[in-house]
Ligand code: FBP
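Quick setup: one chain, the form predicted alone, written in structure tokens, and binding and motion questions come after.
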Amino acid sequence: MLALDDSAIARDGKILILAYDHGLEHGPTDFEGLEERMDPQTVFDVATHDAVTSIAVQKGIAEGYYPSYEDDVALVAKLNGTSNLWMGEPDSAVNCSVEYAADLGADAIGFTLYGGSNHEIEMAEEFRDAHEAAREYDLPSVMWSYPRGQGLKNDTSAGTIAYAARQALELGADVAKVKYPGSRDAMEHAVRAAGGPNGTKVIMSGGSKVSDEAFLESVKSVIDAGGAGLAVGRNIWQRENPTELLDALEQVIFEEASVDAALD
């Protein structure tokens, strides 16, 4: 594993990735009611908040908008992704090379792996190539480790999430982005599965928009369980005032404050 404590995508070993790859993965539906957020510049503006350690986008967004923000936020270049129009077994097309990501100024690469999919073997081999190329550029790799497929009955069970974290460790990812398994105990299990303090850093996927309190409670349980933070999109940029929640997240993640204190 690469040491991330002093990495461009971490702060004191903690991570808050602002994810904005939803336009490809989900389509325009995620912007309904907040049409202005379809303009990537509005989300890059949000990413300049001190709590945000990096922004994750596909290469087209990076090409068009990152040059104006490269001094203010680190870049996680998402190498693969598939539209919601795809109706087959979970898979993710490789849309960007590591070399091109490095040319764009990326500080890390992001890669989705659907463990359990009929396409898992192909995706694991693609990650191998990306991971080893990224090592040549000293770029950390963040794995969107999402077990998914026709044979998987529960993709958020404690055992499945721990397996996802372990798969990221075994394949060499420096950071594992996993679904929240529902409790602190379950997240502790995932952190142990990822190798503990010296293994792959485990962060929570932000998921669909929920109330401030509910979201902060889940993030707090991740931090208390030894997780490194989160990668969050909709729970930030779908809000009319993202700054307020980012202020609270900064306290919970980096200062390990209580939820009540952060909300105050």
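These numbers come from a predicted model, not from an experiment. All residue numbers refer to positions in the sequence shown, first residue = 1.
What comes next is about the form predicted together with this ligand, which does not appear here.
- For the options 119, 148, 184, 192, the residue carrying a heavy atom within 4.5 angstroms of this ligand in the predicted bound form is 148.
- Though this ligand is absent from this view, in the predicted bound form it lies within 4.5 Å of a heavy atom of just one residue from 52, 43, 232, 228, which is 232.
- Stretch-level contact check against this ligand in the predicted bound form with heavy atoms at 4.5 Å: of 217-225, 63-71, 44-52, 200-208, the positive one is 200-208.
- Heavy atoms of residue 144 reach within 4.5 Å of this ligand in the predicted bound form, making it an interface residue.
- Interface membership of residue 22, defined by any non-hydrogen atom within 4.5 Å of this ligand in the predicted bound form, is confirmed.
- Although the partner is absent here, residue 131 is not a contact residue: none of its heavy atoms lies within 4.5 angstroms of this ligand in the predicted bound form.
- Interface membership of residue 179, defined by any non-hydrogen atom within 4.5 Å of this ligand in the predicted bound form, is confirmed.
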